[in-house]
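The chain below stands alone and is given as structure tokens, in the form predicted on its own.
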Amino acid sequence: MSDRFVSLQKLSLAYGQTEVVPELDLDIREGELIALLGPSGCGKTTTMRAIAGLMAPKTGKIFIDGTDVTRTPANKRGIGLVFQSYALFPHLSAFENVAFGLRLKKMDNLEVTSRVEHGLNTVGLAHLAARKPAEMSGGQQQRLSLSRSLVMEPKVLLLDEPLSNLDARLRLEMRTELQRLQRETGITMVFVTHDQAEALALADRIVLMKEGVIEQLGTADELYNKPASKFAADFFGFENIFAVSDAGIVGNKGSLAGTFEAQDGHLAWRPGAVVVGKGPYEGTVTGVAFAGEQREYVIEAALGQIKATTPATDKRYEIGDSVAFDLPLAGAWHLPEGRQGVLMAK
């Protein structure tokens, strides 16, 4: 299996005079499910469009399976596309939606029928072959869109935020479905999303992007537990990030003294790592939200806002209450200057 099945080399992408991706290098392994993750405007969808052949790069090259496809038309790249909107033909049955691309290739009817039946079976829709998209649920339409791409036997399947139109339960079901399809077919998938949970649940590796640049590349475990920058830490749930100084830790309003190592960099805590109800510091509760098994608090303190969570069975605090809290060094994530993250020793 190739470690450079899809290779983007010095890729620069722009809309007119507006540069969106300045210079991107990325290698995607054969059979890998990789997620392009980041906020709106980070360049993830633009990068996917370039791989698909829907936009020409300003500079750089794109290779798929060892072939330079930089100037190859989209329909000759061996790429499958699954869009956020599904892009199904409303007047055609599920069978004919899946068969559409095969008929364009002028395959004989027996081959078309065999492939379509197999494709619908793969996504569990064989019993709905005669239905039109409007007669199907959102999850069924999404699976139909996947089947339509897979029957074309693409080298790479590109998915552009395919789960964003589904409700929470269906999103969970479709994550499982995508993992199963990827495992069974072995196809290389590039999944574009702004949802951290989707990327963490699905991807073999995650490409976190910011302003057209790769901020961090690694496994879900690496990005979630070992963010390499303030941006990555904040994106993956370290909501309390403060600079370290000789005075302690410094926020946007002031500082808190403590036994923190006075060195350049930042310390970051997830809300669940903040101790509420005891500790050397004090603040005022300015926000409370019940979230099922836990409560979420916003505490206004000397250095600024602290976000914390506690089990719902713990003592409840109300807005306006004074509350003691602690930011224990054990388990805090240390982000020194230079982007390298280090877990503080317990």
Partner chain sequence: MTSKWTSRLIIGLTLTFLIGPFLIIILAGMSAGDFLAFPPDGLSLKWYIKVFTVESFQKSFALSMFLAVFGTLTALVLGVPAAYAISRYDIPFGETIKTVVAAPIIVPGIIVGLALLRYLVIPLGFTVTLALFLAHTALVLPYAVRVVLSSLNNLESDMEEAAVLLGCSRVGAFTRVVLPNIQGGVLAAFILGFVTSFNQVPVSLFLSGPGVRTLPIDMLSYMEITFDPSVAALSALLAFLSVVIVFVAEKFLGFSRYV
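Heads up, when I say rigid core I mean the largest set of C-alphas that superpose within 1.5 Å between the two forms. Numbering follows the first chain given and starts at 1. Since this is a predicted model, take the numbers as computed values, not measurements.
There is also a form predicted in complex with its partner chain; it is not shown, and the following applies to it.
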Is A302 close enough to its partner chain in the predicted complex to count, meaning some heavy atom within 4.5 Å?
-> no
Should R49 be counted as a contact of its partner chain in the predicted complex, where contact means heavy atoms within 4.5 Å?
-> yes
Is there any non-hydrogen atom of V288 lying within 4.5 Å of its partner chain in the predicted complex?
-> no
Heavy atoms within 4.5 Å of its partner chain in the predicted complex: does A56 have any?
-> no
Taking its partner chain in the predicted complex as the reference, which of N225, S245, T72, S85 has a non-hydrogen atom within 4.5 Å?
-> S85
H91, K253, R180, R131 - the one with a heavy atom within 4.5 Å of its partner chain in the predicted complex | H91
Select, from the options 171 to 179, 208 to 216, 267 to 275, 74 to 82, the stretch whose residues sit within 4.5 angstroms of its partner chain in the predicted complex by heavy atom distance.
-> 74 to 82
Assess the spot marked by F5, R29 and L33: is its partner chain within 4.5 Å of a heavy atom from every one of these residues in the predicted complex?
-> no
Interface residues of 134 to 150 toward its partner chain, as seen in the predicted complex [heavy atoms, 4.5 Å] = R148
Tell me, please, whether between the shown form and the other one the C-alpha of S93 is shifted by 2 Å or more, with the rigid core used for superposition.
-> yes
